[in-house]
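Read the single chain below, which is given as structure tokens and is the form predicted on its own.
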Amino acid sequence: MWIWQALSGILLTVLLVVHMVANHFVVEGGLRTYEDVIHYLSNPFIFALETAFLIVVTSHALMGVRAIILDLGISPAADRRLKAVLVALGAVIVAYAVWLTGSVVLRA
């Protein structure tokens, strides 16, 4: 798990740079309007890239929560339950965010 934590940190940095450049540095005025965001996310490649960013952020954050809880000295059985809860929580977060973003983009 620690290797994915490290790799997701690197990937998170790369995706954050891409996100910041695409959404703030190449846009006139430094910020997209709501309509611009909808148009931007309508591109399937961009939607996939932003979804990847969401997945990496969520997994990295939840692995950080697990690392903090592991430092408290929980048992291996509790760690297995914790992993199951965090995976389920991560799946719900990602599924909800993708559904919400997709529904807003498709409605426009």
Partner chain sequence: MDRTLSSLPVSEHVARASWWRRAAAWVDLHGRREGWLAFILMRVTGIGLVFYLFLHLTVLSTLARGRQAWDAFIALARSPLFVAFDAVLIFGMLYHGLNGLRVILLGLGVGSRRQAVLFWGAFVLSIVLTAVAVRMILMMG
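Residue numbers count along the first chain shown, from 1. Since we're looking at a predicted model, the values are computed, not measured.
Form predicted together with the partner chain: not shown, discussed below.
Among I46, A61, I74, L82, the residue placing a heavy atom within 4.5 Å of the partner chain in the model of the complex is A61. When the partner chain is considered in the model of the complex, R32 lines it closely, a heavy atom lying within 4.5 Å. Contact check for V37: a heavy atom falls within 4.5 Å of the partner chain in the model of the complex. Contact check for A6: a non-hydrogen atom falls within 4.5 Å of the partner chain in the model of the complex. With a 4.5 Å cutoff on heavy atoms, M20 counts as touching the partner chain in the model of the complex. Along 80 to 102, residues L89, I93, Y96, A97, W99, L100 each place a heavy atom within 4.5 Å of the partner chain in the model of the complex.
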